[in-house]
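One chain comes next, on its own, written out as structure tokens in the form predicted alone.
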């Protein structure tokens, strides 16, 4: 059994627990939290709920620690810190800062001889792999990625970190005309702003400065500054009634030529009822990979590009050759 620990028990942490229950080769040992442990009610009765303050005591009791914090402020600190103690997997999704995050995690992982797999999920993650495959197959071509319509956990979390914000949901919405032009093989040159719009639904604390909050959202680098962004201030009841679900999805396309006569379009699509539950399932599969790689003596920081598909699944190499190849 692969012994798993979860750090953080928000939507992502809850999804990881559900995913572990679907994988019979895994066992949840403990959930670590910054909240009062007694305030959490988890599904796995054999697992413990503990304060993050005692996490070091579990260094030899956990094979992989899955980090379920946010990319804005949690993971840049947590992943380099905890890879000193455990093999770790995170879902760091600030694309522009992935190289910096990789370097920070790698330095710590090399010293501790642990495996740290970063930026795991569907984008970055599965979409990243499809971009790489498509570029390798169609070197003469163009990449296009469209997200949504759906709730972005990372962007919603970034809004919630703004002073005066009580809760928020952010929807990423593809521009239909841009997506159609790509599928029609027109190979358009599209700016970031031309591909998506962002729509935010925000609940503020009493007396909060809405004008300041809206300005902070719309000018936030790496999240909203490059997009046409609409901010709606709504009540907490309205948020719960109309925006409680967490759907998402998207498309990765590459349009390219293999000769002057022949053009091709590669498209990979996801439609997700629950963004965090799906992301959690990807995290759990890469936790298995981290465990297997560690057993082979591999260490350092890795991304999805570094992990062979066979490490993700519980089947033997012979089984996957016979049933999937």
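What you see is a predicted model; the values in this text were computed from it and never measured. Residue numbers count along the first chain shown, from 1.
Although it is not shown, the form predicted in complex with a further copy of the same chain is what the next lines describe.
- This chain is drawn without a further copy of the same chain; in the predicted complex, the residue among 77, 225, 111, 137 with a heavy atom within 4.5 Å of it is 137.
- Exactly one listed residue, out of 149, 160, 218, 131, brings a non-hydrogen atom to within 4.5 Å of a further copy of the same chain in the predicted complex: 131.
- Contact annotation: residue 184 falls within 4.5 Å of a further copy of the same chain in the predicted complex, judged by heavy atom distances.
- a further copy of the same chain in the predicted complex is not approached by residue 52, whose heavy atoms all lie more than 4.5 angstroms from it.
- In the predicted complex, at least one heavy atom of residue 99 sits within 4.5 Å of a further copy of the same chain.
- Among heavy atoms of residue 154, none comes within 4.5 Å of a further copy of the same chain in the predicted complex.
- This chain is displayed without a further copy of the same chain, yet in the predicted complex the stretch 266-274 from 62-70, 266-274, 44-52, 29-37 comes within 4.5 Å of it by heavy atoms.
- If you take 249-265 and check each residue for a heavy atom within 4.5 Å of a further copy of the same chain in the predicted complex, you get 257, 258, 259, 261, 262, 263, 264, 265, in sequence order.
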